[in-house]
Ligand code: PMP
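First, one chain by itself: the form predicted alone, in structure tokens.
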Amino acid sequence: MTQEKQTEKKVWIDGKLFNIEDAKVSVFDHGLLYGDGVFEGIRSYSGRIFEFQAHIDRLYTSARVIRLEIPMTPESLKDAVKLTCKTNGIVDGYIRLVVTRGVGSLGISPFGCKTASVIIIADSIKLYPQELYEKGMKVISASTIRNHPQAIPPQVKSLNYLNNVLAKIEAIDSNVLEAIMYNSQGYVAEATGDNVFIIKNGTIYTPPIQAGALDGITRAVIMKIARENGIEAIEKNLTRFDLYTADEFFLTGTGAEVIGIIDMDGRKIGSGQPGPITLMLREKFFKYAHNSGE
């Protein structure tokens, strides 16, 4: 994409659409100063916004937990997202919906921030190369553990992603694109940006939310699709041993969608190729995604 075309895109900030070069936030915004805010990553397929209501519900729930008041009704926010997508010509793309605490002082207290700020970005995304979806991806175990749920509930999709960023650095340093994170008890939590699934003897297992996993929207859809196709999907605490010895292993997420894992910490997973259940779920996910939404 040329720079000229790139500048034609618009970003929605607090009720107005701005050219990208003019889309700015204050240096006193608590989202910048402290990672104080919440966000959603949302996909658009075939011109329809995927699981839109579920994403909006999760955003408002996250905001309520951190005592952040979103200065718009859910319906008006949905209208703003649709307008931003239409303005940018998004058919198959990605939406980043961000709510920061807003402008305040340099102090840590959030109560000096008068009004939260809402930002909507609609653009394209390609998280992983197509080859990895076809041949599978390698991962490592991160030494950085997942934030303790008493520090911040894993259900809150907050702007403070430093925990995940540090684990992502470990992955990149090891020449892979993802790392599996564990909680303080040693159980699997999630990857740096995706939910974890394994398949053993025809049954699907995924860590419970209480283990430190985000309550992923794509995660829920995959579990629904699996059950509709006669495959049992169970939430269960998983260990590193469970991942090493899985018949199949895959990750799910808004950006990642469904991607098979073929190697973890130098150990081959299953046959060393994305397994049949993983491939079936990926295919059915795409059919579901392109035929649903708002």
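Sequential numbering from 1, following the sequence displayed. The structure displayed is predicted, hence computed values, not measured ones.
What comes next is about the form predicted in complex with the named molecule, which is not displayed.
- Although the partner is absent here, residue 217 lies within 4.5 Å of the named molecule in the predicted complex, judged by heavy atoms.
- The closest non-hydrogen atom of residue 136 lies beyond 4.5 Å of the named molecule in the predicted complex.
- The named molecule is not shown here, but in the predicted complex it comes within 4.5 Å of a heavy atom of residue 164.
- Looking at residue 206, you'd find every heavy atom of it more than 4.5 angstroms from the named molecule in the predicted complex.
- In short, of 69-77, 194-202, 103-111, 83-91 it is 194-202 that has heavy atoms within 4.5 Å of the named molecule in the predicted complex.
- Although the partner is absent from the chain shown here, none of 144, 236 and 240 has a heavy atom within 4.5 Å of the named molecule in the predicted complex.
- Using a 4.5 Å cut-off on any heavy atom, the residues of 232-261 that reach the named molecule in the predicted complex are, in sequence order, 252, 253, 254.
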